[in-house]
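Okay, so here's just one chain, in structure tokens, the form predicted on its own.
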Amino acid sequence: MDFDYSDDQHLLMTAFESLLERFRAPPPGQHGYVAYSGELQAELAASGFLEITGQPGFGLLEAAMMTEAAAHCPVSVELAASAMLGAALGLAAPVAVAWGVGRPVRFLPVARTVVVIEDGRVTAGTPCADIARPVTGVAAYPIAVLSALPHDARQLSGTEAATVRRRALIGVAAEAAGLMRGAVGHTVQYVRERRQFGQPLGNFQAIQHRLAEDAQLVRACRWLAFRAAYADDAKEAAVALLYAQEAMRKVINDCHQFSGAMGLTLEFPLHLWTYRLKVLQGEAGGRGAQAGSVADQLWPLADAA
């Protein structure tokens, strides 16, 4: 099942997919953990795609569609927070979202704005070198630890803070859906080509069944993220991210298992999707936090009194 794009959505996504075309293949000679594309980041800014939510006839759904499509690429780029928060709140892109001070923050090393969600309040400011300590190693994104609030941090109003919280979740859910789609697609191609016992691995029914389950999970994650974006609703946002953070455990496991020992090497590009998914498993407090949020919204404590 799929939905038809409107004429405007079709034109938008055709243009956006054309921009992504050069970034579909893993970077040549890329054997490291991080494949951030500054080139794609610059092209997104120059093309105006990051301001999509402020354009007449477009909104959060289109931003989620672009976020999912960009995450399908083997290179990482900051799109979700810039498109979903930047235009609405007047924040300079790229935008990094921090789930508290003292924690690793995706895209902080390349961000012009950092939004900090912590202790019931949301602040925004300009990151600088003395409060951002870069993290090296198995990072999967350009990451730095935020040691303190920015010097020019301003607290966002209640309405702005609520917007940041729900849209940050929607952005992560849409990105996770695109990453899972990329990982499953790469694995499907591998089992078609890799031969064992005289035939392609993809001919074995057990592999077909499990990859079919993964494809169904990915499709569900995609539509839940899009539904949350269309509704721009806090409960739908938490549901979408909860489902994605639960589903990605199976998807990561299956993709690496069917890739065999090759899937554990940096020469094999599967990690360019799955390492990012590993980071997103703990984003926004992880699936436990999303489950608690969904429960609180479905069954408020006041109803129990």
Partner chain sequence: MEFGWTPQENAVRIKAREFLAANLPADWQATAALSPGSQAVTDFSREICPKLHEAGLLLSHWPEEYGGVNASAWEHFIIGEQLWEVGEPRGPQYYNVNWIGPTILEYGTAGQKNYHLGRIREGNVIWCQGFSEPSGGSDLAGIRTRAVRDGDRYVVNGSKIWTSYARLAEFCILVARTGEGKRGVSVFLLPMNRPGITVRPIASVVGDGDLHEVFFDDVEVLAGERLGPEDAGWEVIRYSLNFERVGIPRYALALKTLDRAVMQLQAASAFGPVARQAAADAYASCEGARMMAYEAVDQRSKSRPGSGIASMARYAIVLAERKVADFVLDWAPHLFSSDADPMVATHHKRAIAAGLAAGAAEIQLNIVARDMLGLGVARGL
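Residue numbers count along the first chain shown, from 1. Given the structure is predicted, the values throughout are model-derived calculations rather than measurements.
In what follows, reference is made to the form predicted in complex with its partner chain, a form of this protein that is not presented.
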property	result
Stretch in contact in the predicted complex with its partner chain, which is absent here, among 118 to 126, 144 to 152, 67 to 75, 211 to 219 (heavy atoms within 4.5 Å)	211 to 219
Residue 203, heavy atom within 4.5 angstroms of its partner chain in the predicted complex	yes
is_contact(residue 254, its partner chain) in the predicted complex, heavy atom dist at most 4.5 Å	no
Its partner chain contact in the predicted complex: residue 25, any heavy atom under 4.5 Å	no
Partner contact for residue 199 in the predicted complex: its partner chain, 4.5 angstroms, heavy atom	yes
Candidate site 49, 274 and 279: all three near its partner chain in the predicted complex by heavy atom within 4.5 Å	no
Partner contacts for 223 to 253, taking its partner chain in the predicted complex and a 4.5 Å heavy atom cut-off	223, 224, 226, 227, 230, 235, 239, 242, 243, 246
